[in-house]
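A single chain, nothing else alongside it, follows as structure tokens in the form predicted alone.
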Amino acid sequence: MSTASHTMVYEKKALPAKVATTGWALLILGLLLGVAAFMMDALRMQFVSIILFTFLAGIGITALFMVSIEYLAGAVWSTPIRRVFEMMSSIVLFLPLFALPVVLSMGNVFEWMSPKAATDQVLINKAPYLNQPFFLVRLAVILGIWILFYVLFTKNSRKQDETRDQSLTARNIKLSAIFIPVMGLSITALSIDFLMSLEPHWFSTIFGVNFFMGSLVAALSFITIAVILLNENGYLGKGIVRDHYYSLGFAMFAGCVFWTYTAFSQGMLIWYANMPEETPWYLHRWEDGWNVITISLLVVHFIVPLFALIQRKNKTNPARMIFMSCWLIFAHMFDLYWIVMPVHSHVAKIHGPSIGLAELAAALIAIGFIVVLFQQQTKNKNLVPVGDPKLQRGLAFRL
């Protein structure tokens, strides 16, 4: 890595009005389609609201995870673009709002809240954990902790822009040491509560890790799009080069490989053990036409990213990186669809997979919300952590 001196030249500029216009248009259209989808098929929209919530929750908390990893590891390559990570992690502030539709429809989507749970011995045994009051307490605690850490991290980071106080970096390093294990436990609990417990007879000890990796890849994809568009249009000042794009691309590539490893390990071990309480989850995703979705997920989330991101030239090409980022965002939502919607098919007694207005609405809401939120964050905040002592070394980063 080169250690040549590079000086940040940063001048805060407002984003074009079309950014906010586009974001609001997507968000409003998504909400309107969501209302229409709910009126047409309320149960389907209730299941899709789980996809929407877990999609945004995973992206928000893994973006904050990247902030904490930078501090804890003393990384420098990401320092010039860390503020983009921070802005993306502001999603956690609004997660209670997106959790509300799921909470209001719990009785319709979670089997452990149905009347038959009172006569099902497995669900009776799991009732001390899978019950509505404890579910809501866990949700409140998890979201409260995430919001608290977000506020603390970003408060110190933005204060440093004004004071140049290096002790604020040391403070965030200490916070990171606490946050990492707390985040690991909480994101696992969230994935178990909202996704795994949809089929409460089934369990997997690697499920939380798989959800974390899928979310991290999606968060990195959103961040990559933002960084490239901002940098190529001069909003991040001067000094960020394509070596930074490469690092983001490499992280996305590594994340896809590790997601595949966890998904394969989970499937292989369950297939090998052949235990009756574990195999039905996969059978539901292999029968009645769902095998097409299962095979497609492997192609979309692993094979295409593997060959598209393995070459260095692709990881330093802005257009190709933006395309693959969009691809991987779709891949993560497709993964969540594969986890959630077979349960809907079983509950609604419909045959085979289908994608309708509800899924389109969720995608538009998620993307529109992120664009609007990011644009609002940039109004009164620097896009670069100009007071961070590692900034100049981050600008000097070369591979």
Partner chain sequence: MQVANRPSSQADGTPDFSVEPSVVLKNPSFHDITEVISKPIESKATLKWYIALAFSMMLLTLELVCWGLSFYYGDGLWGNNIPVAWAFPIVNFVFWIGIGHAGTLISAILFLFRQKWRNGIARFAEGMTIFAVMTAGLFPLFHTGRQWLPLYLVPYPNKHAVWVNFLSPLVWDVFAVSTYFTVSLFFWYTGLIPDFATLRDRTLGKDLVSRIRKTVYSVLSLGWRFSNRHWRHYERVYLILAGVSTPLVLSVHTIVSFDFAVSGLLGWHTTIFPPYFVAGAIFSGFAMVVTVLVFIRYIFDMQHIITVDILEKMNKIILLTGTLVGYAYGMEFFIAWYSGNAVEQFVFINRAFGPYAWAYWIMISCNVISPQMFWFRKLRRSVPVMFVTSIFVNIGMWFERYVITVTSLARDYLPSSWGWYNPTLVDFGLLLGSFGMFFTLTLLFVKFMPVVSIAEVKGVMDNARPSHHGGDH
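Owing to the predicted nature of the structure, the values given are computational and were not obtained by experimental measurement. Numbering follows the first chain given and starts at 1.
Same protein, other form: the form predicted together with its partner chain, not shown, and the subject of what follows.
Contact annotation: V103 falls outside 4.5 Å of its partner chain in the predicted bound form, judged by heavy atom distances. Under a 4.5 angstroms non-hydrogen atom cutoff, its partner chain in the predicted bound form has L269 among its neighbouring residues.
With a 4.5 Å cutoff on heavy atoms, K159 does not count as touching its partner chain in the predicted bound form; it lies far away. Though the partner is left out of this view, Y261 does reach within 4.5 Å of its partner chain in the predicted bound form, counting heavy atoms only. Contact with its partner chain in the predicted bound form, judged by any heavy atom within 4.5 Å, is made by just one of E111, E232, E278, D120: E278. In terms of contact with its partner chain in the predicted bound form, the residue from V141, I303, A319, A273 that brings a heavy atom within 4.5 Å is A273. Look at 143 to 151, 222 to 230, 241 to 249, 86 to 94: in the predicted bound form, residues with non-hydrogen atoms within 4.5 angstroms of its partner chain sit in 241 to 249. Although its partner chain is not shown here, in the predicted bound form the stretch 360 to 399 places heavy atoms of P389, K390, R393, F397, L399 within 4.5 Å of it, in sequence order.
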